[in-house]
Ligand SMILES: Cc1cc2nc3c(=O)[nH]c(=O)nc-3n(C[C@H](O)[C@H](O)[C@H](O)COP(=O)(O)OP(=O)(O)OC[C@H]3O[C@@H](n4cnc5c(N)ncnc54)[C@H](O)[C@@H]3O)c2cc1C
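Given next, in structure tokens, is a single chain: the form predicted on its own.
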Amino acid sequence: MQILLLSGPDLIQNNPGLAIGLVVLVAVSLQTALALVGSVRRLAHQRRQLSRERERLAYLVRAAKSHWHNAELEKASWNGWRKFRVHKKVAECEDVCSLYLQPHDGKPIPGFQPGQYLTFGLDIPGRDRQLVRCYSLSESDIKREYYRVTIKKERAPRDKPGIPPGAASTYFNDTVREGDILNAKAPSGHFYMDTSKDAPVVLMGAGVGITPILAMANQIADSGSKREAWFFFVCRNGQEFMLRQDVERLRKVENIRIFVCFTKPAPGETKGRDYDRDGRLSIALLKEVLPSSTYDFFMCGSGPFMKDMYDGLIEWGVPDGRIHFEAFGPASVKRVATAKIGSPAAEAAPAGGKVAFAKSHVDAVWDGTAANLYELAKANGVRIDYGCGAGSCGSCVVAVKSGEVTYKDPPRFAVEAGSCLACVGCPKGDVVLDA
């Protein structure tokens, strides 16, 4: 018996049916492959479409929530003073207390943007005029039964013992008790985190500057947002670690990273257990732990702290528009972009102008030594209401009878025509004020 071994071409040549079958098989395989590629492309396109639809839906949901939130703010807000009862007072740490405030009339209270503050009108015994002060809300707006403010007692400076301690902060810490009634204006302020957005944020607080920053972090945690957040807080040691329970609670939120810095740890305090990093909060630390600088940065603290952080962020290449800060008292941070390119800078207030306080019948000379009109009035015995000292709350609004008032930095409180904010305003030539 002979066995014939045929090669591939010989096999096909001697079996025409097999050749046709192979051609059909190749054609079917090619068609199947093309159909599979088309299916993969369609599936990828459908996934992209689905992803875009999800993003669009998420945007619409956030926008709807923001619209509803703003409508609720307007509906439940109020004008002027409203009475609040101190429901609870908690000692957070040395010289720091938190007040939980409930409306005395029992009616609903509006939410607020995390980072905003309450303005208080205090009738302190021994003072002939109401004292106005602003304090940041330290809780998120999810819990609508109360407002919480956290206040640090301002002691007399060590190097200037002749200066009295802070009247308002001392009153809150030493005199106010649970059950007392306080006058407050509705939440306000332009320093806040927009809750309708989901852009990643870096939150930085020093000392009592933790209060608005913590409100932002609490808002992210309490709302269930998946927004990426980095939370930095610096203080001396555990004795000054206010609102510690809130911060430790945030460690359990997977999308919030926590870094607590102690500058002078107390004996027995160890890194990794009581705090995370030694030393001050710095740009070097941010560069070390952050994946990049493409965040929105929010900060609150002392003037030197914010100036150092602001200058460092600008040097790092962070756009000015992505740096947000709050400061009660004289401004110490000067933005690099207060004027548009090509436009003239704000004209400086000339020295030698006259400032007349019409109601008080006092004339003063603007010689450039006073920081603002409020300081000039105070130095000449003229009383003007005072609140934040940073052009945010409007407590120092004074009518301008003649002349013009200018500002080194644009105030954050909307000033009506014919009026000025004395705490940040300077005369532009001769001015007559209704004070």
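Numbering starts at 1 and follows the sequence shown. Worth saying up front: this structure is predicted, and the values here are computed from it rather than measured.
Not pictured, yet referred to below: the form predicted in complex with the ligand.
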- Task: Considering the ligand in the predicted bound form, find the one stretch among 77-85, 153-161, 224-232, 244-252 with heavy atoms no farther than 4.5 Å from it.
- Result: 153-161
- Contact residue in the predicted bound form, from 298, 112, 305, 135 (heavy atom within 4.5 Å of the ligand): 135
- Selected contact from 265, 200, 165, 319, since only one has a non-hydrogen atom within 4.5 angstroms of the ligand in the predicted bound form: 165
- Query: Do residue 405 and the ligand come within 4.5 Å of each other in the predicted bound form, heavy atoms counted?
  - Reply: no
- Please run the contact check for residue 169 against the ligand in the predicted bound form: heavy atoms, 4.5 angstroms, yes or no? yes
- Query: Does residue 99 make contact with the ligand in the predicted bound form, using a 4.5 Å heavy atom cut-off?
  - Reply: no
- Task: Verify the contact flag for residue 208: yes if a non-hydrogen atom of it lies within 4.5 Å of a non-hydrogen atom of the ligand in the predicted bound form, no if not.
- Result: yes
